Every structure is written in structure tokens, then in C-alpha cells.
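Below you will find one chain, with nothing else, as C-alpha cells; this is the form predicted on its own, and questions on how it binds or moves follow later.
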């Protein structure tokens, strides 16, 4: 009997023995949440962003948008495997302040057992890949309906190397902006400012669509745009909540703040339209949602729900007027409003992180010894550096792309539509033979 009792106590004794580090640090709940978040963020790009953008262009160009989003997903994935993950997140040696090294090229060392914090490194790499995918996909809204498909592919390759990877490393990979103390929870600098500035550079370099601004270029399918917008709202919970890289209170608060930012952005934009035009529009309310989401993104993990709501309200108003200034006053044909929504939103959100992270406003506070004024200054430097880096890198990339394959279609191709010119397909075939 004593021997039997001793055997029963053996498992308890074994539990007290030290296990290897992997068993101690791997957290299954964190892993499951980041895997879920990965799927949500990829869902934001295809089909979310593809449908959102696709509904906004004219019928003759719908497939070009869907094709560009899909192809970018594949191209960036191949680059991530080859060297982008390494450039973004590995140690760059003497260049570590600016860019990572190549020691993780082709995901060398990323095994079943390798960890990044409390999750498998394979999961971390895949999660970060989805951010790398959606960033150049956002940019295509700046030159939609007039760009060559080969130019989109060339731009994606060069821009990911010169613009995305360095900024990602500087902010999230332990580079000098991170060392400076810039707070960017989920991509205000790396994703939104970066993509917004690139889209603005593209719009300026390529010139407006034929007929802009005198010809009305209305969205061809608002139902499609609404569907994509709804997918973006849901997917953004993985975008921001997953950036906690854990299934914890920080992830939960980021999701709550994100949702409040989206709701407030929608209401603010709708109110602006209602006041100015007498009627709110579907296009307006979904654009306000995206503005709220993009603006709250860098702050989402450092603020409370009221901070998220206030940032969303500010975003809805400021981004609304930014669209008017860019399109109507300056007559810049940023086709799908990438800079006034994502660029301006990212800049505001990055700077406002230094305000709404204050404990007095419901935030989590700042690093030891840092005041609100100092943090706002740090955030401003981070935004300015991102603007400058993205602008210069994007200009170089578009110049190289134009020299190698040509950026813009000719007048006849633009009139015919990119779907037939580059893909020999139509988005809709409503003739009697197809019914």
C-alpha cells in the first residue's frame, strides 16, 4: 500500500523538476492567438482590401485591383522567405541601427523548436509577413487605374527592400527609432505613414487619371466596397490585438481601443458629410472607419478605450478635410485617398500616442523619466523620419521602375481599361451568352 501511495506521488514530484527552456517559455494560448491574428490580418488584404479598393474603381479596372492585391501577396511572401524577414528582424551587426543582416535568409534557423518570446518563431515570422503584405497593397490605391501591371510587380520588389525593411527594422527590429523610444504598437509609421507617403509620391510622379478632376469617376460597386470595409474592421482586431504578441490584457485593451477608434471615425466622417451636404453617404462612413482604424493603430496598445474614441473622432474630421484639400484644392489624383486617410492618419496617430498614453487620459504611461511633452517630441521625430525615408525611397523606386519597365499606361490603354489590356479578362460579363 505504501508503495502504491508513493507511485501516486511520483507525478507531483516530477512536476517540480526543472524542464528545458522551451517548455518553460512556450505559451500555447499566446501561440493560438497569434496564429488567429495572422489569419485575420491576411484576411484584411485578400479579400478585405482587394474588395474595398475594387469597388471604388471603375468597372473596366476592377480585376486589375484584385490581381494586384493577390500578386503582391505572393511576391512579398517569396521575398520574406528569401531575405526580407532577415533584413527586418535579425541583427545587422554594424548596420543594426538601420537594417538587419542576412543570417536568417531563407528562414535559416527557424525550426519547429525555435522561439520568439513565448511563441514559435515560425508563427512570429508569419504574423509579421502579413503586415509586410498589406503595406504595399495599400500603396496601389495611389496610382489605381493608370499603372502597368509589370510596374506594380517591380515597385513591390524594390520598395520592400528600400523602404519597408529598413523602417520595419528601425521601429520593430531594435533599430535606432526603437532605441530612441518611438512607440508604434501596430504600424502607424511602418505601415500607414510609409504607405501613405509612397502613394502620394506615386500620384505626383504619374500625374492624374485621364479626365481628372473634371470627369466624374464614381465607384462602380459600393456593395463590394462595403463588404471589403466590413472585413477590414474585423481583420483589424488581429492587426492591432495581435501586435501584443500575447493573449493577455494588452491584446484585449488594444482590440477595445481599436473598435472605439473605428466607431468614432465612422461617426465623425458621417457627421461632417451630413453637415456639409445634408446627407451622409456609405462611402463616407466606411472611409471614416478606415481613417479611425489607421489613426488609432500606433497608439492602440498604449491607450484606453476613451483614448481610442477620441483619436477616432479627431481622425474622422482631419482626414475628411485632408481628402478635400488633396483632391479638390491641390488637385492631386491620389485615386483612392491613400495619403489623406492612411498617411495623415498615421502621422496623427503616431504623434497622438504621446498624448493619450498618459495615465491621466487612461493610457499606460511612458518610459521611466519621460514626460508627455518629451514623448510627443519623440513621436514627432519618428513620424518625420518615416516621412522622409519613405519619400526618398519611393521616389528612387518609382524612377527605377519607370526606367526599367515604364510606370504608366498610354492613353488608349487607359481608355480601354487595365482588365483587358493586362489580363485579357473582364470583371463582369453580362451578355446573354453568359447568363
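Note that this is a predicted model, so its numbers are computed, not measured. Numbering follows the first chain given and starts at 1.
FYI, the form predicted in complex with a further copy of the same chain isn't displayed, but the following is about it.
- For the candidate spot formed by 73, 111 and 267, every residue has a non-hydrogen atom within 4.5 angstroms of a further copy of the same chain in the model of the complex.
- Using a 4.5 angstroms threshold between heavy atoms, residue 31 counts as touching a further copy of the same chain in the model of the complex.
- Although the partner is absent from this view, residue 36 contacts a further copy of the same chain in the model of the complex, with a non-hydrogen atom inside 4.5 angstroms.
- When contacts are judged by a 4.5 Å heavy atom cut-off, residue 274 counts as touching a further copy of the same chain in the model of the complex.
- Though the partner is left out of this view, residue 26 does reach within 4.5 Å of a further copy of the same chain in the model of the complex, counting heavy atoms only.
- For the options 123, 206, 326, 84, the residue carrying a heavy atom within 4.5 angstroms of a further copy of the same chain in the model of the complex is 123.
- Among the residues 356, 172, 237, 131, the one placing a heavy atom within 4.5 Å of a further copy of the same chain in the model of the complex is 237.
- Between 244 to 252, 191 to 199, 172 to 180, 89 to 97, the stretch whose residues reach within 4.5 angstroms of a further copy of the same chain in the model of the complex through a non-hydrogen atom is 244 to 252.
- Within 4.5 angstroms of a further copy of the same chain in the model of the complex, the stretch 299 to 332 places a non-hydrogen atom from each of 305, 306, 309, taken in sequence order.
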